[in-house]
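Only one chain is shown below, in C-alpha cells, and it's the form predicted alone.
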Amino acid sequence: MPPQPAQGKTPTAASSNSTSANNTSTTSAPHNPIAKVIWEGSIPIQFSWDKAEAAAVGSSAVESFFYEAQRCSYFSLLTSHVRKHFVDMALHFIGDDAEVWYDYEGTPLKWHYPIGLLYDIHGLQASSGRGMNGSLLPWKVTVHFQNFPVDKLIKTQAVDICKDYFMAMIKEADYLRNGTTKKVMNMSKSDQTQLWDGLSSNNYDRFWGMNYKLMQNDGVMARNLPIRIYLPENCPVIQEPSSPVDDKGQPKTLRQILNASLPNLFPLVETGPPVAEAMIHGVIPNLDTSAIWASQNMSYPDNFLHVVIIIK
C-alpha cells in the first residue's frame, strides 16, 4: 500500500505574507454549498522522478512523492514541496523551481492550467478515448528537473508568474462578463492579495469573500459567459462569445451553449444515444442546467467555466 498522500494545503510564497494577510480584514464568503464542494475537491497524485534522469545520477530507486492536491490549485504552487522531497532523497539539483516540469504519459502538463482541469483532460478525457475503465488514482505524474520543453510549455513557471497569469485570467473573465475590467482594476492591492492568498493557501472564505464581488453582476445580465471548451486530440481550445440568453431573452442551457460551438456533438434535440458528454470538475452535468447557474457556481477560481468534452 503506498504512503498516504500529504494533505493539500498548497505550499506557496503566500506563507511569507501570512503575517500581513492576518492583519488585514477578510470579507466573509457567502453561503454556497456547491462552490464549497468544488473548492474542496482534490486529486491524489503520485510524483515520480523521471527514470532516465534518475538513472543518469545513479539514483534509480528514489521513492515517489504522494500528495493530495486541490483541484483548483496549480502545479507551480506544489513545486517547492515536490522539489524538497527529491532533494532530500538524493537529487543534487541546483537550478530554481522554474526549471522543474511535469508530464503525464509523455505529455508535458501546462503549469498555467488548474490541476483538476489537467487531470480531466489528460486523465479522464484521454482514457475515455482509449476505451479504458477503472480508477486512474493516484494520478501518476512524472517530475523532470532538466530538459525543459520550451517548445511545448511556457518556460517561466515561478509562483509570481503563476499569480500574474491567474490575475490575467480573472481580468479576461471580468471583461467577457461586463465588457470592461473595471471591477478588477478597481480592486485595492489588499483585495488582490486576499484573492491570491486565498487560492494559494486553500482558504475558501478568504478567496470567495473577495471573488464573490467579481462574480455577482448587481442584477445586470452578463454580456457573455467566460467559458472555455476542450476537445480531445490536442484540438485548439474553443473560446467564443457566449451570450447567457437566447433571442427571446430566456436563459440558455449548457446544451444551447455547446450546440453553438459543436452542433454535431451536442444537437438541440437528441435523436439517438449521445455521441459526446461535457465534463466539469470531473463530473457530467445535466445539459439542461442553466448556463448562468453553471458559470456562477461551477467556474474555477479564474472565473472561467472549463468544459472538457468526452467523445463516446
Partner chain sequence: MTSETHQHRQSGPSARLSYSDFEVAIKAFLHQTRHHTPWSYVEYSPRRGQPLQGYLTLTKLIHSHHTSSGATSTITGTFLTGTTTTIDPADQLLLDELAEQLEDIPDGDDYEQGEETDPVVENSSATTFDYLSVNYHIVFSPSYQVPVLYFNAYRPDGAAISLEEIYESLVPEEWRGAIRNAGLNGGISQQDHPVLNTPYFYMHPCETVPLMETILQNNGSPNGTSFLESYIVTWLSFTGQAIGVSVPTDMVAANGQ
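None of these values were measured; they are calculated from a predicted model. Residue numbers count along the first chain shown, from 1.
Separately, the form predicted together with its partner chain exists; it is not shown, and the next lines address it.
In the model of the complex, K140 stays away from its partner chain, with no heavy atom inside 4.5 Å. At least one heavy atom of E172 is located within 4.5 Å of its partner chain in the model of the complex. Residue contact check for Q46: none of its heavy atoms lie within 4.5 Å of its partner chain in the model of the complex. At the 4.5 Å threshold, heavy atoms of Y204 stay clear of its partner chain in the model of the complex, well away from it.
Relative to its partner chain in the model of the complex, residues Y165, C235 and A260 are all within 4.5 Å by at least one heavy atom.
Contact with its partner chain, judged by heavy atoms within 4.5 Å in the model of the complex, is confined among 66 to 74, 30 to 38, 282 to 290, 245 to 253 to 245 to 253. Only one of K155, K182, K84, K213 lies close to its partner chain in the model of the complex, with a heavy atom inside 4.5 Å, and it is K155.
Listed residues E105, E240, D97, D191 were compared with its partner chain in the model of the complex; E240 is the one with a heavy atom within 4.5 Å.
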